[in-house]
Each structure stands twice: as C-alpha cells, then as structure tokens.
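Presented below, as structure tokens, is a lone chain in the form predicted alone.
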C-alpha cells in the first residue's frame, strides 16, 4: 500500500515538474521571435485490476505539444510575401517619382529654355551672341538627358546587384532548412524548437518570394518557391543563381541549379521582394528609359530635320544640331543580339508619331520571321526590297544579314537614346535660320522636300496631282522642269543640277515650293523650330515632346499611389494573420503565471502523497518491532 502510494506521488511530482519546466520555458521565450507556446499533455496511467475492481495508478506526461495552426501560419506566409512585394514596389517607385520631381524635371525646363533661346534668335537671326545662347541651351538639354539616363542606368546595375544578394540569402536559407531537417531526423520525439526555427526561416524566405511548404511522408518538408520551383526537398537543397540575359546579357535571369544542370526559370510569379526587384529593373526602369529616349529622339530628330530644310549664315544647307539617331551605328545598336550571333540588323526611325516604348522580339524559325510587339501581339513579317527590310510602328528594320534558325533578337528603339544624345554642332553660324521651303507652299499633308545637293536651279515647286498618284516639278512660273511621274518617287530627283528627295507623305494637290536664294534676316526656319514646342509630334499626333515627360511622370505617380494603397491593404492582412498566429502560438504571461501557480500546487500536493506514503511505511515498520 505504502509503496503504491509512493509511486503515485512520485509520478505526480515528475508530471508537475515537467509542467513547471515547460511553463518556465514558455515564460523565458516570451520575447523570442518565432517561438510557439508549448504545453504538457497529461494522461492517466493504465488502471490496475485487482479483486474485481480497477484501481487508478497515477499520471504521466504523455507529450510536449507545440501550439500551432498550420492554416494560420500559411496565411501569414502568403501575406508576408504580398506585403514585402508591395512595400518594395512602393519604395522603388517613390524613389523614382522623387527623382522625376526634382532632378529630372530639369529636362522639360531645359527644353523650354532652348525654345526661348530660339525665339530670341528669331528676333535677330544674324546675332552671333544669340546663336551661342541657342547652342548652350542645346548642350544643357543633352546634358540633362545624359545625367538622368546615367542615374537610371546605375539604378539598373544596383538592382541587379540586389538581385544577386537576395538570391544568395535565399540559398543560405535553403541550406539552413536542410540543416534543420537533419537535426529533426536525429530527434526521437517531436522537435518543437526545431520546428519553430523551421517556420522562422520559411517566414524570412516569404519576404523574398512566394513560398509553399508540403509535409513529406518521412516527416520532413518540401519547400517550393514561385509557381512550382523546388528549393528544398527533405535533406536536399537546390541552388538559385542568375544567368546572363539572352540576348541582353546585362539583364540577368533567374535560374535553378539542379544537379549538374542549370535551368532558367521565369521570374513572373516569384513575387516577394525578389519579384519586385525584377519588376523594377525590367519594367519600371525600362519604361522610364524608353520614354526619356522617345523624348530625346523626338526633340533631336525634329530639330535636325528642320536644320536640313534651311540655310545657315554661310548659305549652306543646315547641319545636324544633335546626334543623328538614324546613323548606321545607332541603328545597329537598337538590335540586341547574342554575342555569337552573325545577324546584322539596323533599325531606323522613320515616323516619330508611331514610335512606341518597349521591347520588340524578332524570332526566325528557319522559314519565317515572327515579331512580338511590346503589348504581346504576334505577327509574321517578311523583309523585302533591296536591302531587305520591313516596317513596324514607325521603324524600318533593315535585315542585312538574317537570323539563324530559332534565333531571337530584341529591338529597343528608344532604350538608350537619352544616353546617346549629344550636341554635334560647334559653330553657332551653322544654325539654319532661313527655311528653303517657301511660304508659297500649299500643304495639307506632311510632305517634305530635302535638298541633297544644291545646283543651278534655285527656285522650283513640287506639285502633286489631284489624285495624289503623280507629281511634277515646275519653276515659279509653271514651266515643267521634271515631267509628271509616279508618286512617291523611287529615289532622288535631279532638278537641273539640284538633287532633292521627296518623302511619301504629301497629300493630293499639295504644292511644295522651294527657294534656295539666301535672304539676310530671314528667320522662317527659326519660327518653325519654335512651333515644335507645341507641335504634337508623338503618339500619333496626340502628344508633344514635353507631353511625353508629363505622361511618364503621371504614370509613375499613379503606379506609386496604387502600390501605396496595396501596401496598406497588405499590412492590414499581414497584421490580421499575425494576430491569428499569435492567438494560437503566442505566450500569454498572465496565463503562464496562473499555470505556474497551478502546477506548483500540484507539485506540492504530490509531494504530500509521498510524505504520507513514507509515514505509512514508517508506521508499518514500527508496528512490527
């Protein structure tokens, strides 16, 4: 009797002691990040049957349970990934929006100052001081473009470095998860603290990407990122890495090392901070550079075109003020190819109004070319003519050497233009103040005459037929100099020694009058340059060059506001998910204090059972003496 009572007491003491230890463990880790509250599962011992009755045999601690809600934790991981993505995008767009509101706003200001200088020169076209001011303002526009492009380019490089650093930390987490899995296998019972460490690593991984966790049959876990890329499988961890972009090697791609193979994976569904970094580099910065590039091309090319339609102070046809964006060097640089490609493509800008931002993909499958536009639409294109070329969105893509079978190239019409912008004119006297397009022109279309070589014929008119199918060249009195022929012309036209080029945008009955007789004080070309400030050259005649900047600034602001709201919503969802996890797994000091008192009393009561057993045993011994 005494021995059984002693056993009952000792088991009660041990059980209460384990409960006290567990409660103490909870209190000690109340501020430990990721800790889940633990509790002792207490069970009665098996009964002892004797004399037709079941006698209780005490209590024991069956297990140490970890208070954990799988669904709440999964919800918290998803909300963590969403919040991290929205917060990163909001921060990135805020940084870019701030730059647009401060340093980049100098670009439209410089352009307006340039047009103001042109207006000042129009009052005295021969004033060399005013001409120097125009060139200086032109240099300020180019310098502003170059500076902002440099900042955006550096941000792109920095973002790629952040991607590499993030990938490295994700690989470290993968390896740490494998270490936790190995330790769990060596633990005979449920490894509560190791599971907490596992969940904490998953939580951190969720900040970088979208994560899902599946339990394996052996009790370990598979950790999957994105839309199904296995990062950890039980005791094995794959390695994330980045590969040079193809065909643009500077845009590094995400890849997964599986054994001896490296497989490029899509970053479209990565989400988290890593997904935000890819979106910022590939989408946001690309958009900003494209739009600034369109501004640089529109501003420079329109002014260069007018320079080519006027006379400078020396009576010569005007030279370019800015970089020629249709030079073979720049046209070739617009086609982004792999390093081993033998293709030779040149992309010329023929129509500013149709010029769009974004990447075009040109692929050759061995029999035909397929062009994918920035909006994702695909079309079949067939280069034709000599040299072979095709036209799309204001571009003329000249294929001097074709693509290899299954080769793909990127066409970026404006991505680098802001960084390429330079003032190529040194002598202020080269500014073409006088236009050789006479005021007697009658034009309903966008017809243009360009002088390739000045000759003996100083004044003439290019006349379109009523149906626009033919043209002829006459002198001011109507005498025919070039007989009627098909319009548009197939090449340069010789008008008594003056070689001209006529574009294909004239309307029926248009008259393009040309006078190559210099006139002192003529400012007609400068007035046309001023009009460019408000002329809707871009976006199919809907936007001026300055409107492109306003559109970019507005769009970035809208995106930032959208991600700010998304961050606020994600924060609410994250806090709610965190509260649900805390309700189940968090340590409540008041509750633990009450438990401590309860288990302490149980311990003391069980001790009294042992004392009673001892006293009973002593009484028995004394009775037999």
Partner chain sequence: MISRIASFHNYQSVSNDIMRQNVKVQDNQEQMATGKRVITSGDDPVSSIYIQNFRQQDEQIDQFIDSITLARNRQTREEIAIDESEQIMDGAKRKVMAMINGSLSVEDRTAHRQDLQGMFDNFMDLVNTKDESGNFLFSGTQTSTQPFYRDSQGNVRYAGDSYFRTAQVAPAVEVPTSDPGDKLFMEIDNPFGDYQPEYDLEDGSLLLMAKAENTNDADTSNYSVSFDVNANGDTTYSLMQDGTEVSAGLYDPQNGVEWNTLKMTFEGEMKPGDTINLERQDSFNIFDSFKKGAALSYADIDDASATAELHQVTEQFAAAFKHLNKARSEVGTRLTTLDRQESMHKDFKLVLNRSLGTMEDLDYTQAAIDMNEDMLALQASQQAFAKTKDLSLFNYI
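Rigid core here is just the name for the largest C-alpha set that superposes within 1.5 Å across the two forms. None of these values were measured; they are calculated from a predicted model. Numbering follows the first chain given and starts at 1.
This protein has a second form, the form predicted in complex with the partner chain, left out of what is shown; the following refers to that one.
Trainee: Within 4.5 angstroms, counting heavy atoms, which one of the listed stretches 350 to 358, 188 to 196, 293 to 301, 516 to 524 is next to the partner chain in the predicted bound form?
Mentor: Heavy atoms within 4.5 Å of the partner chain in the predicted bound form occur in 516 to 524.
Trainee: Sort through 369, 471, 280, 549 and report the residue having a heavy atom within 4.5 Å of the partner chain in the predicted bound form.
Mentor: Contact residue from the list: 549.
Trainee: Pick from 125, 286, 308, 447: which has a non-hydrogen atom within 4.5 Å of the partner chain in the predicted bound form?
Mentor: Looking at the other structure, the residue within range turns out to be 125.
Trainee: Identify whether the partner chain in the predicted bound form is within 4.5 Å of every residue in the set 102, 440 and 533, based on non-hydrogen atoms.
Mentor: Verified in the predicted bound form; spot residues all in contact, yes.
Trainee: Against the partner chain in the predicted bound form, would residue 207 count as a contact residue? Criterion: heavy atoms within 4.5 Å.
Mentor: No.
Trainee: Considering only heavy atoms, tell me if residue 97 and the partner chain come within 4.5 Å of each other in the predicted bound form.
Mentor: Yes, residue 97 lies within 4.5 Å of the partner chain in the predicted bound form.
Trainee: Give a yes/no on whether residue 589 approaches the partner chain to within 4.5 Å in the predicted bound form, heavy atoms considered.
Mentor: Looking in the predicted bound form, residue contacts with the partner chain include residue 589, since a heavy atom lies within 4.5 Å.
Trainee: Spell out, yes or no, whether the shortest heavy atom distance between residue 573 and the partner chain in the predicted bound form is within 4.5 Å.
Mentor: Contact with the partner chain, no.
Trainee: If we check the partner chain in the predicted bound form, which of the residues in 592 to 613 reach within 4.5 angstroms of it by a non-hydrogen atom?
Mentor: 593, 594, 596, 597, in sequence order.
Trainee: Rigid core aligned, does the Cα position of residue 116 differ by 2 Å or more between this form and the one not shown?
Mentor: Shift of 2 Å or more: no.
Trainee: Rigid core fitted, is the C-alpha displacement of residue 596 between this form and the one not shown 2 Å or more?
Mentor: The answer is yes, as the C-alpha of residue 596 shifts between this form and the one not shown by 2 Å or more after core alignment.
Trainee: Note yes or no: does the Cα of residue 460 move by 2 Å or more between this form and the one not shown after the core is superposed?
Mentor: The answer is yes; the displacement is at least 2 Å.
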